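Let's start with one chain on its own, the form predicted alone, as structure tokens.
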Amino acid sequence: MESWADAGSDLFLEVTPGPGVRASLERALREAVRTGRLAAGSRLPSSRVLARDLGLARNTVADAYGQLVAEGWLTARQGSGTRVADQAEPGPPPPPRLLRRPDPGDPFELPGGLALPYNLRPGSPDLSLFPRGAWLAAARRALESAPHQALGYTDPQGTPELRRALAGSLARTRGVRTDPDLLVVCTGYTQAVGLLGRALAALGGRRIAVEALGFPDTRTGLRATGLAVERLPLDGHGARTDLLGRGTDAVLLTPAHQFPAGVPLHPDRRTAAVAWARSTGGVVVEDDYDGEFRYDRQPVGALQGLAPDHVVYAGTASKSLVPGLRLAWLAVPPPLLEAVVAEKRLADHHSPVLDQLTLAELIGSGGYDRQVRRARLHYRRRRDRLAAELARHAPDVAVTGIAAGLHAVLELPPRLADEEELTARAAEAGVALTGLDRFREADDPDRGRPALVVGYGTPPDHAFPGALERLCALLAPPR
């Protein structure tokens, strides 16, 4: 006897009861096929099962099936059941009128939404480096040891396992001074910034200073929280934190490796940021987006270590592992914690538990450290090759910002002064590039020297040589 629970596939149909119920069922089936909700080859429930689900007589369903078979919408074969006919598959539906292509001005989207063969835009690691085997093994161990209650609705701050692992790892590798109870696990860095912005606004904050060069979505996200965003100038020593005033409630910095200029924040500027926060009660948000990757210098420790009660530390697994994990974390000073956790609860209650448990296991087993060292060596080789090829083929292009991170800034000579024209030519050659101006606000009067921001970590190994060859051909002086 077939039970209700194992009676086959469910099929939702809106059928009008009454004398015309069979015609109503036929219309509903035709509409489901016509719109593609029932794809070609889909198997329909048996007439007995569908009749029971819809509260109809079995003969009514059998007759409706027979009519649609006769019309060519369905097929019925012995042993194969009733299926949607292949020729009934609809054509591609028109795009929704409100859906638009990616904005070509977005530095992390390819021009016009097209997938160019060679992507040298910054912001992404080499996805082929993701340690699939180590991640699977860690996931298996984490699941085997996790109690049942760990898989339910958990603490909005994140699983205790991951917060303990992060607190130890951040203290050891980045000099972060925090406690597991002060960490909040977020669904990506973008969410983390949104949580902070809303928490600051809820506590009376009105203005936040942001570096003049930076990720455009960060500024957009902060404005969406109700904060006014003011521009903080940059120079060769990083953000001008000496210009912060009492009218500003918070400042967002990338101290270890300014994005995208690539310079570390000068020690005097770090001191100035901390002094400003202590004297005004302001909040410093430290975005440590790629602090694991340094090459030619000793690592720059986290600014948070200088003033844990005034600095929010933001880290992410998007560069050390992959963006698709959507895992980031905040080390929050006690006065901000309650407001940030309240916003996290409203946003999505908590980030995915299984991935948190897996990352905790990967950190605890040493697998995360091994992955970071492996990736650091990989990107160091990439960086060296990029610098060598440009020195050989385009010696008048200055390569800067490469002591750390996954991207380089290529300062362009006068013959290549038009960033937009250059990136358009690159797209025609199959290479996605981003000009430095894409990281400024449109009304920023200080355009500076034209430059490209090249993400040498982005292409997989098989595409990197071709990407370099085309980049050098684009930048080489005419013969």
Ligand SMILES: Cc1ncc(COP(=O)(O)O)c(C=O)c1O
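Note that residue numbering follows the sequence shown and begins at 1. Please read these numbers as outputs of a predicted model, since none were measured by experiment.
There is also a form predicted together with the named molecule; it is not shown, and the following applies to it.
K.L.:
Under a 4.5 Å heavy atom criterion, is Ser320 part of the interface with the named molecule in the model of the complex?
P.N.:
So Ser320 does not count as contacting the named molecule.
K.L.:
May I ask you to state whether Tyr189 is within 4.5 Å of the named molecule in the model of the complex, using heavy atom distances?
P.N.:
Residue-level check for Tyr189: yes, a contact with the named molecule.
K.L.:
Classify Ser169 as contacting or not contacting the named molecule in the model of the complex by the rule of any non-hydrogen atom within 4.5 angstroms, answering yes or no.
P.N.:
Judged by the heavy-atom cut-off of 4.5 Å, Ser169 is well away from the named molecule in the model of the complex.
K.L.:
Examine Gly123 and determine whether its closest non-hydrogen atom to the named molecule in the model of the complex is within 4.5 angstroms.
P.N.:
Gly123: yes, in contact with the named molecule in the model of the complex.
K.L.:
What is the one choice in Arg219, Arg383, Arg326, Arg177 with a heavy atom within 4.5 Å of the named molecule in the model of the complex?
P.N.:
Comparing distances to the named molecule in the model of the complex, the residue within 4.5 Å is Arg326.
K.L.:
Check each of Phe259, Trp276, Tyr379, Tyr118 and return the one that places a heavy atom within 4.5 angstroms of the named molecule in the model of the complex.
P.N.:
It is Phe259.
K.L.:
Looking at 359 to 367, 281 to 289, 202 to 210, 221 to 229, which one sits within 4.5 Å of the named molecule in the model of the complex if you count heavy atoms only?
P.N.:
It is 281 to 289 that comes within 4.5 Å of the partner.
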